[in-house]
Structure formats: structure tokens, C-alpha cells
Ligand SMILES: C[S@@+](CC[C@H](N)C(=O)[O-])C[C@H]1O[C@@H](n2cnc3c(N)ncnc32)[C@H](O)[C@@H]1O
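Next comes just one chain, in C-alpha cells: the form predicted alone.
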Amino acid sequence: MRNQLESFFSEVGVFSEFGERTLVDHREVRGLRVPFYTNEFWTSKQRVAHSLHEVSYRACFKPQLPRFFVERLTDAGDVVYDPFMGRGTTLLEAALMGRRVVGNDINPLSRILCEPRLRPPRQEDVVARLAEVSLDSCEGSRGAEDADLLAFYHPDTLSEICALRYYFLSREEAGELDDVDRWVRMVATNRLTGHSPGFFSVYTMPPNQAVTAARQRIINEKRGQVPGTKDVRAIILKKSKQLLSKLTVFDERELAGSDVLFTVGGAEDTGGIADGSVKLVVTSPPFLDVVDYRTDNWLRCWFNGIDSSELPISKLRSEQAWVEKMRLVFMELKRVLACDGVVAFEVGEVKRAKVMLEDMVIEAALDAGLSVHGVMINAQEFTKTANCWGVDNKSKGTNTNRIVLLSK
């Protein structure tokens, strides 16, 4: 383990792929002298990643982040795990590299977004399935929520969305949902709302941040807009084609051969994952008092028959509560880690950089009995997506990827 991490940090210390040499500094955290490595370690250009990743989710990291660690700290067949998997970036990137993958999230929506992309269908199968599905209004497909949903959709479009929702829920209840259904459901979930014509909705916030119906009515009034009709099938087919555009025969073979395990629940209690089975963890936890995952995903949850109000999602507001939660998570990660396993734990700056979560991570990790090896800071300018969140560079939110490297 020590030799592997020493080799890893030796490379990181002289890394210069994007033109700059790594700046190495040290900081004392709870009596421990921790090395900090600052550089641009991976590109900020999301579009250079695999097209299968292009499913929006709030506060997700770019695929290049897990790839950096997977290719250097694992071999083919090793298990890579994300306990806060979100849209499944770590799982998908690791599976494309021939690793076995394990994912956990407290929201079952995460599996709905991730699993189909690990088993992608052919586009012609998607075309055939959509041709079979009736989008005519059917009894039971619409309900009392129409008044709110009409803030986003034309009545005819809403009728088709509700018919599609009813089809998926009925198929799932009957045990008949197959991989093509799961793919179409995932794509439709991704197209529910957004700020371009390629979504089912009228203009609204980016698709990773659904607003409330009341807020959408305000947006409609300010913009003088009324939801227009949308071609639901055509939108799904276009997005499906985009997602599959970079899929190669090699990718299909790697994904087909990848073992996958999903668990749903808190990251501090994952009894379904075997002791000592995980070679690498790459994850990003909920940031302290920044992102409201329940509210952001309420519409996606509705479409998939999930009651978001019942999800035990914590929005930790105090530093003490966050550290305690992470301590419990690290105790569980210590259990599932192999003897030579590594944790790459990505956090960011919050509260105008007055709170540095990596210090809190180190505190929680030491309390859980893990070893701290260093902190990597991937410094980049903000992307368009970050600006859509209303985040100003150098002043708010997450300015950098800050990854704490841990082991048993």
C-alpha cells in the first residue's frame, strides 16, 4: 500500500500534462503535517468524456476525476465503489475501464439514472419500443398534481408524459420492466425540464435543478411564456442517440463484462457490501448546507413513482453534524476497504471559502481510524454549468475539486 501511494504521489508531485508543474505545500491539520498538491490534474472539458455520461445531476463531478484515480490505483477486475453515487459517474467511468463497480445512494433515483447506462441498448431497439408504447391518455395516468405540472408543460405534452409514467410504473409493478424500458425511462427522466428546446418543458432552470411549480409560474410570468406542445418521442430519441453516439464495440464488451452491485440507503450502513472487497472509493458527499437534493429532484422522483418527501435525505447545516456523519461513513468505508484499498474523497469550498471541508474530512477520517496521505487540489476556472448555478468564481460555492486520499 505504502509503495503504491508513494508512487502515485511521486507522479502527482511532478505532474505537468496541462502545462503547469504541481505546487506542493504542507499544512498542519490536527497535529498531522498533510501535503497539499495543487495543479490542473484533469481537463475541465466535459465533452471530451464519454457521451454516456451526459445525464445531468446537481453537484456531480466530471468523469475525468474518477478516471484519474481508477487508472492509477486499480487494475482490471478490481472493485470501485461510490457510496454517494448520484448520477453514477464513478461507476460508469470505472465500468468502461473494465472494473467491477458498486454504487450506493439514499435516493433510489440514482439507480434509475445509472443502471441503464451500464447496460445500454441499441438505438433501433429504443425506436421500436417507443413505437410500441401508447402515449394516448389513459385512466389513472393523471391526477391532482396537474395544476402544478401545467406550469411546466402544455396539457397535451403533460398527457403524454403521464401516459409514459403510467406505462413504466405498470411494467415495474408487473415485473416486466426490461433493459430497454429502463433506458427509455432514464432518458425521459433526464428530459423532464430544462432551458433549451430539447426538453419536454417550457424554459426553466438547468435540468439538474428543478424549481417548484410556484417558482416556475413566476419564471413564466417574467418571461411572458406559455408552455408549448413538445414531441415527447422525438425528444427521447434524439437524446438517446446523443448518449449512444460514442459507444464502441469495445465499450459494449467492457460494460457487458462488468459486475455491478447497487445498494440503497445511508452510506454509513451498507451491509450488502462484503468486508474488504473494495479496492478504490471515489466519491463526493453532500456538501455542507449547499445543495437541497430532495427539492432539486422532486419532479424526477414524481415521474418515477418515488415520494421525495419520504426520502431520509439529510441537509447537514452545522459543521459538527457534518463531521459526525462523515465519521460514521468512514467507519463503514474502513470495513469494506481491502487491505490495499484507497479512498479518494472529493469535497469543495463552501460559505465563501471560510469553511474548508478537507480539514473536516481529515478530522472525521482520523476519528474513524483511517490514515491520511494527502490532499489534491484540482484548480480550474468555472464551467458554464457552474455559472448556471449562480456561482461566482473565487467567491461562492465550490471553486475547486479538493480530494483527500485515505487508506486503512
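Start at 1 and count along the sequence shown; that's the residue number. These figures come from a predicted structure and were not determined experimentally.
Form predicted in complex with this ligand: not shown, discussed below.
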{"property": "Of G276, P206, G265, P121, the one that lies within 4.5 Å of this ligand in the model of the complex (heavy atoms)", "result": "G265"}
{"property": "Heavy atom within 4.5 Å of this ligand in the model of the complex - the one residue of S258, T189, S284, T74 that qualifies", "result": "S284"}
{"property": "Contact label in the model of the complex: G86 to this ligand, heavy atom within 4.5 Å", "result": "yes"}
{"property": "Partner contact for C60 in the model of the complex: this ligand, 4.5 angstroms, heavy atom", "result": "yes"}
{"property": "Exercise: I106 in contact with this ligand in the model of the complex, heavy atom 4.5 Å", "result": "yes"}
{"property": "Exercise: D82 in contact with this ligand in the model of the complex, heavy atom 4.5 Å", "result": "yes"}
{"property": "Candidate stretches 214-222, 87-95, 160-168, 128-136 - the one whose heavy atoms come within 4.5 Å of this ligand in the model of the complex", "result": "87-95"}
{"property": "In the model of the complex: members of 209-241 within 4.5 Å of this ligand, any heavy atom", "result": "none"}
